[in-house]
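Presented below, as structure tokens, is a lone chain in the form predicted alone.
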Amino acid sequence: MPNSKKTAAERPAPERRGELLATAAEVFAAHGYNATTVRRIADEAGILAGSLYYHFDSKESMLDEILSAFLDELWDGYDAVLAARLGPRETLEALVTESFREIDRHRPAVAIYQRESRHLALQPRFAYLADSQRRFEQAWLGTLRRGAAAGVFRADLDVRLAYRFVRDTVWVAASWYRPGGAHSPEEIARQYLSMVLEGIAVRE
């Protein structure tokens, strides 16, 4: 009876798996999940479509890994910021900076998330997307409310509107940002913050 277990030599190399996920992320981001076929991903990776199934059982599995890796890393960063118990302004600055770092590391995944998360979250496999969105909103709204209550941000702000403005201003950068450009993620964050905080910080 043949042994169904793959030997160490037969198992997909982790680095090759990562390369294929990176290729899939670029294709999903450029063409959309529904319009992307396994054959298209394989063509971009320079392999046969059947060979892709040696590494992944479906394009859904690839998408799941891409989004999970992005969100796990995002929340590692956000949780560290929130656990530091900084002041509201410093927390906002740190959240914005961490967001730009994640755009730098996971730009295609961010683009996929922005385009696909609403309808994907209706599927049981991707229910974690809705949970992440709720956590995201709580983190940002909580920071803005804390700042308004402490007199750090303007008390007349509609906090939910301010949250949407800051969120969209930051994350839309995934549509134009390219790693290795003239400005680092930290520098872009600093420039964004200088513009945003002039509008919501209490004037001395």
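Numbers for residues come from their place in the sequence shown, where the first is 1. It should be emphasised that the depicted structure is a prediction, and the values quoted were computed from it without experimental measurement.
The form predicted together with the DNA is left out here; the points below concern that form.
Inset, instruction - Mind telling me which stretch in 52 to 60, 153 to 161, 138 to 146, 168 to 176 gets its heavy atoms within 4.5 Å of the DNA in the model of the complex? - result: The contacting stretch is 52 to 60.
Inset, instruction - Report whether the minimum heavy atom distance between T36 and the DNA in the model of the complex is within 4.5 Å. - result: Contact check for T36: yes, within 4.5 Å of the DNA in the model of the complex.
Inset, instruction - Indicate whether A69 is a 4.5 Å heavy atom neighbour of the DNA in the model of the complex. - result: It does not: once the DNA is placed as it appears in the model of the complex, A69 has no heavy atom within 4.5 Å of it.
Legend entry - Contact label in the model of the complex: L48 to the DNA, heavy atom within 4.5 Å: Yes, L48 sits close enough to the DNA in the model of the complex that at least one of its heavy atoms falls within 4.5 Å.
Legend entry - Contact label in the model of the complex: H183 to the DNA, heavy atom within 4.5 Å: No, H183 stays farther than 4.5 Å from the DNA in the model of the complex.
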